[in-house]
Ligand SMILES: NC(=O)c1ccc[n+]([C@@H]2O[C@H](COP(=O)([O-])OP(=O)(O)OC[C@H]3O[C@@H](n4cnc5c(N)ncnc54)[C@H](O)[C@@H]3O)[C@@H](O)[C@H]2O)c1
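Single chain ahead, written as structure tokens, the form predicted alone.
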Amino acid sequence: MRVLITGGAGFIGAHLANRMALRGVGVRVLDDLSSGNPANLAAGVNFNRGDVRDVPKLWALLQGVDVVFHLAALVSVPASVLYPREYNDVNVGGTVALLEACRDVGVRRVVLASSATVYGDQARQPVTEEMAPNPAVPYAVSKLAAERYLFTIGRLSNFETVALRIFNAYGPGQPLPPTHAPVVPLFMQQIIGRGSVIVFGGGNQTRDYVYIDDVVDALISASTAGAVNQETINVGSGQETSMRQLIEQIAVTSHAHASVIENTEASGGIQHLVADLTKARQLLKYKPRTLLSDGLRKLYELDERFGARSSLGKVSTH
């Protein structure tokens, strides 16, 4: 089996690439390094720098490839509000370019890493795949458009497609950019560094935090499972955690005190979002194995930014 992972030097992509390479799968990675780091890739992974919109390059990389994992995307929700045209160009245009190339070369299956943000605010929780999407930001719109192109082009061109709506993934090696950083590593950095944690909207908003190893399990299963063609599937922990609970758990994990500043005037985003995993259990035999307390402990112990004994290295091997 040979696979191509777009965005494969990024957070989720690198963990996926390393796990598959460890299992003896031939792994090619395409990444423009706008946020990825090839140093996180294992020695057996074939890395290629390039843009996912470069169709001729895709034609070359797709030769002999059975399955494509499409993870290349701009991922910051706040940045998408400022730069919607760029998010449309990369997340939607890049998806269409990749699907054209997959059609031309004859790839068997494409697995899209979509996002739970497509749900937006919903009247009830947990959210199921049958609920009508309610995207509230350009990032979510771009992911929903990518899903629709995936299924349409796959159906017209006769290759298999599956979209995984991934909830709040976290784990060792997750980037910490200077602006719009992911909440889990940001809060851990602030708490360990004795800084102040700013909570927007009162801190009662809830999310579904899923550890990176569980996300990789779902992605790999989606590449081989039967009866998943044209399916959209949630990937989360199935557990609802408030912002306050997350902060408390990080403080306990890192043996530090959390100094919290509340900003109730600013929006905390979607009020509640947690995954119904019924479909994932049925189609992918998916069962998240990492509780939040254990995942935060692994992040604290394995990520050198938090005083760990070892770096990311080539983790995610279970």
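Numbers for residues come from their place in the sequence shown, where the first is 1. Everything numeric here is computed off the predicted structure, so don't read it as measured data.
What follows is about the form predicted in complex with the named molecule, which we do not show.
The single contact residue among 191, 199, 228, 73, judged by any heavy atom lying within 4.5 Å of the named molecule in the model of the complex, is 73. Checking 296, 21, 302, 12 for any heavy atom within 4.5 Å of the named molecule in the model of the complex turns up a single hit: 12.
Of the stretches 25-33, 255-263, 270-278, 61-69, only 25-33 has residues with a heavy atom within 4.5 Å of the named molecule in the model of the complex. Looking at the named molecule in the model of the complex, residues 115, 139 and 174 each place a heavy atom within 4.5 Å of it.
In the model of the complex, at least one heavy atom of residue 167 sits within 4.5 Å of a heavy atom of the named molecule. Looking at residue 53, you'd find a heavy atom of it within 4.5 angstroms of the named molecule in the model of the complex. Interface residue remark: residue 216 is not counted as part of the site for the named molecule in the model of the complex, having no heavy atom within 4.5 Å. Taking the partner from the other structure, the named molecule in the model of the complex has a heavy atom within 4.5 Å of a heavy atom of residue 90.
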